[in-house]
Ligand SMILES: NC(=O)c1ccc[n+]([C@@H]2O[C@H](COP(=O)([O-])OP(=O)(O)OC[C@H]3O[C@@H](n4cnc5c(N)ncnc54)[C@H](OP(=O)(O)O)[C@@H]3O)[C@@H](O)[C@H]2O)c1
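Okay, here we've got a single chain as structure tokens, the form predicted alone, with questions on binding and movement later.
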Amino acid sequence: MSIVVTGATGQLGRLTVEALLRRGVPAADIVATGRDTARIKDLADRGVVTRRADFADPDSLAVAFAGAEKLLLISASIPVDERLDHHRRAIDAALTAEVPLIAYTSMTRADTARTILAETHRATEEYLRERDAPAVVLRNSWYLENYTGQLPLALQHGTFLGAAGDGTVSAATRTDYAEAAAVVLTTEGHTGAVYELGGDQAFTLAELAATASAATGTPVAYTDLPAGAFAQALSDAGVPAELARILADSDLGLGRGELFTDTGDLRRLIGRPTTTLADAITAALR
């Protein structure tokens, strides 16, 4: 069995390769792909097959996907206005290679959410259906790392900034999402499924701040801003303007409930409770 993972040079892709190895998939049956295979040389040293795959280069995709029995198509981390074309090329290449299953990492409630990111995911899901692709959709909510990565600044300034109001987010760790992807890639019966994946314990950003305060002993609050002011604050902190706009827009979606799910799909797939916010913060502090 050959399982191809796109974006293995990124965090979710690499974690999925590691999860596949933990599940007993022989390294030689895993194909880790990325635009720069030098970044995954350590995986090659462990026996994992590595191939170049650039969503902008259909010829590279044809080579990368050849012989695949299952493909994890991780949504591209490129400018948002380019993503759909890249996804379509990858799907076309997978269908040409007659890959029996395409697992696509989408976003929570992509069929109804109104955020900029959700629009691209919704269009990709629609393209999978238009092409009658044998697919399973993994709709991931936010990563807990999106918040634990902000801890140093939050502790320094005493606040998390956002524009989510009192909306709740079902964030989970990348490791949890990667494990779910590995389960789907190594077990049967997932074709046609749409999984809404998120952590067991949803939280507001005020609850995020309270949890960080309890874990660190340092008072941390949540400061809710208008979306424009939040985007400007991100830009002032060095976040590229386009990304800042997307993050602020995503917080508005969070406030509308578009990053919340209570399906329990993630817990059922991985066979255990998801990592809690408190545990993720504790791990980040270590």
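Start at 1 with the first residue shown and count on from there. No experiment lies behind these values; they were computed from the predicted model shown.
The same protein also exists as the form predicted in complex with the named molecule; that form is not shown, yet it is the one meant from here on.
Within 4.5 Å of the named molecule in the model of the complex, a heavy atom is found for every one of Thr9, Ala76 and Trp142. Proximity to the named molecule in the model of the complex, taken as a non-hydrogen atom within 4.5 angstroms, holds for one residue of Ala56, Ala28, Ala241, Ala38, which is Ala56. The shortest heavy atom separation between Arg83 and the named molecule in the model of the complex is within 4.5 Å. When the named molecule is considered in the model of the complex, Arg174 lines it closely, a heavy atom lying within 4.5 Å. In the model of the complex, the named molecule lies within 4.5 Å of some heavy atom of Asn146.
Considering the named molecule in the model of the complex, the lone stretch of 134-142, 160-168, 183-191, 207-215 in range is 134-142 [heavy atom distance within 4.5 Å].
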